[in-house]
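Let's start with one chain on its own, the form predicted alone, as structure tokens.
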Amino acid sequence: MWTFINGDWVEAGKASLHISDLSVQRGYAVFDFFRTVNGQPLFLNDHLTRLQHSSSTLRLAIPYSTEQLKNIVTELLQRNQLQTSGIRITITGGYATDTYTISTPNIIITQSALTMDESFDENKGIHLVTGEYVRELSTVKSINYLMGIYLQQKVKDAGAGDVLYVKDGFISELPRSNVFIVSQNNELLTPNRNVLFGITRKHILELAKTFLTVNEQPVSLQDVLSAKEVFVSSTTKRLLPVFSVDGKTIGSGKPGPVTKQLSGLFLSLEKATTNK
């Protein structure tokens, strides 16, 4: 498998950075991750725009233009010949002799095989537990997953699948997913603060507006617990129903009609986008 690192193509197992890199010394780096479908990048422009936002916020100058990055991704696809995959672009803080100062960023672009469902599976869902936390610089897709990983023992002990971040009674996100609820008033609600603005989230909102009232607003934990439906979204999950939170069943405990409809619409969009 080929990897792109600082202008060179190397075998993935031989790709390396010096230990002085700020990603190693201080966890200072950003990344973005997108899928390929039928060998085509999904929502690539959206992901590169978000990568630029993350990098500029952390004062990391990406060493390639958007068009150059697209060309590199195209060559990566040609070299590795994976139809269904995940591609990750990482921009690090660079080699810091004092282990603390940003220098020339390093860039790594990797690809790995993925397995994705061909259609919505009603039997797949997730049980969540809550954890008191808000991510730093939440609109930045950084490599800092300290709390998410730390809380995995709590998730495991509860027999759950992931943790939902809550602060002062209001939810934000999961470590790697956005969250939506269908309220008792049949509105689709999703938090608008302290969240990473997911690319899947963006397209779900656009699709939902064609048949639902949609609001981005503060969402309380009580809103979640009393919702008709709750689901999470991400690049690899698409839409995944939430069956329970902290042991309380959500709705009927099964995927609801809005989740099913949006899942179908999103899958159709995905196919249309990558079959052009």
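Bear in mind that the values here come from a model prediction, so they are computed numbers and not experimental data. For every residue, the number given is its place in the sequence shown, counted from 1.
What follows is about the form predicted together with another copy of the chain, which we do not show.
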Report task. Although another copy of the chain is absent from this view, report whether residue 3 comes within 4.5 Å of it in the predicted complex, heavy atoms only. Result -> yes
**Report entry** in the predicted complex, residue 16 touching another copy of the chain (heavy atom, 4.5 Å)
**Finding:** yes
Query raised in the report: in the predicted complex, does residue 58 have a heavy atom within 4.5 Å of another copy of the chain?
Result: yes
Requested in this report: Give a yes or no for residue 183: in the predicted complex, does one of its heavy atoms lie within 4.5 Å of a heavy atom belonging to another copy of the chain?
Outcome: no
Report task. Find the only residue in 119, 115, 153, 123 having a heavy atom within 4.5 Å of another copy of the chain in the predicted complex. Result -> 153
Query raised in the report: Which one of 94, 86, 148, 131 is close to another copy of the chain in the predicted complex, taking close to mean a heavy atom within 4.5 Å?
Result: 148
Query raised in the report: Among 185 to 193, 103 to 111, 69 to 77, 201 to 209, which stretch has residues whose heavy atoms lie within 4.5 Å of another copy of the chain in the predicted complex?
Result: 103 to 111
Requested in this report: May I ask you to list the residues of 10 to 44 that have any heavy atom within 4.5 angstroms of another copy of the chain in the predicted complex, in sequence order?
Outcome: 12, 13, 14, 15, 16, 17, 18, 19, 22, 23, 24, 25, 26, 27, 28, 31
